[in-house]
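A single chain comes next, written as structure tokens; it is the form predicted alone.
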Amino acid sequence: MDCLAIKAIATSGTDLLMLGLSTSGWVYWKNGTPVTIIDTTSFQVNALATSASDVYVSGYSEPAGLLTVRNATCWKNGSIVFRAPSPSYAMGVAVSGSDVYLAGYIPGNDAQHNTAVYWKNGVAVTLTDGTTNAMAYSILVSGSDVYAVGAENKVACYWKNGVKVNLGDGSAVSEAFSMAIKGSAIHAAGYLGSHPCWWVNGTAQSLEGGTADGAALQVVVN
């Protein structure tokens, strides 16, 4: 496998999928076989999700001739199926039935006024009003509930059906990058202060003894 870097890993049944960078560009590997992600613009990929035999990848691309503009983008089985019409970033992706969700943010006029957003089948749902600095990094669907996880004003949080629930208390900077649900337990991974952190139903669990610098980027529960 010609691999320079791995961005994300997912499983589907007995299939193992990895998203990353090869010497030929951005690809995903399905059981070691590469599938090239095709786009005519400069682009970046961030996450992948599977539904049956289909593989969805989230990211953003730079329209030709507009190198300072980036638009949220989704690829299905390597081919583009959605590109947002305005500047935006897609960080996470989830699939529920026939619905495809992307999580990300819309940049403001400065770095302190980003709007957290998710897209459902290409239709944007804003989570914040643009007066704060907010970003959604990951998304999942549980039954009829849609969860997006991220941060607002450097306080880790998640939004359940658009309603925000803080994870951090604001006493230290924090962000959450991934979440998972098992039963009544909501898990999230990120950082608190400068240390990796894992939250369970809003209660922080320090990793590495709370002394090592870093961040937890993914959480999985069985």
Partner chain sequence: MKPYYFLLLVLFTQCTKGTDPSPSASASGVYVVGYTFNASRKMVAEYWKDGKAVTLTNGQGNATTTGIAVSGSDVYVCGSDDFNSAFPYWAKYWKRRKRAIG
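Not measured: the values here are computed from a predicted model. Residue numbers count along the first chain shown, from 1.
As for the form predicted together with its partner chain, it is not shown, yet the points below apply to it.
S.K.: Contact check in the model of the complex: 84, 144 and 165 versus its partner chain, with a cutoff of 4.5 Å between any heavy atoms. Do all three pass?
M.R.: Heavy-atom distance to its partner chain in the model of the complex: none of the three under 4.5 Å.
S.K.: Based on heavy atom distances of at most 4.5 Å to its partner chain in the model of the complex, which listed stretch, 51-59, 167-175, 154-162, 185-193, is the contact stretch?
M.R.: Of the options, only 185-193 has residues within 4.5 Å of the partner.
S.K.: Residue 11 near its partner chain in the model of the complex, any heavy atom under 4.5 Å?
M.R.: Looking in the model of the complex, residue contacts with its partner chain include residue 11, since a heavy atom lies within 4.5 Å.
S.K.: Hey, in the model of the complex, does residue 206 get a heavy atom within 4.5 angstroms of its partner chain?
M.R.: Yes, residue 206 is a contact residue.
S.K.: Is the gap between residue 214 and its partner chain in the model of the complex 4.5 Å or less for some heavy atom pair?
M.R.: Yes, contact at 4.5 Å.
S.K.: Within 4.5 Å of its partner chain in the model of the complex, which residues of 13-29 have a heavy atom? Give them in sequence order, or say none.
M.R.: In sequence order, 13, 16, 18, 21 come within 4.5 Å of the partner.
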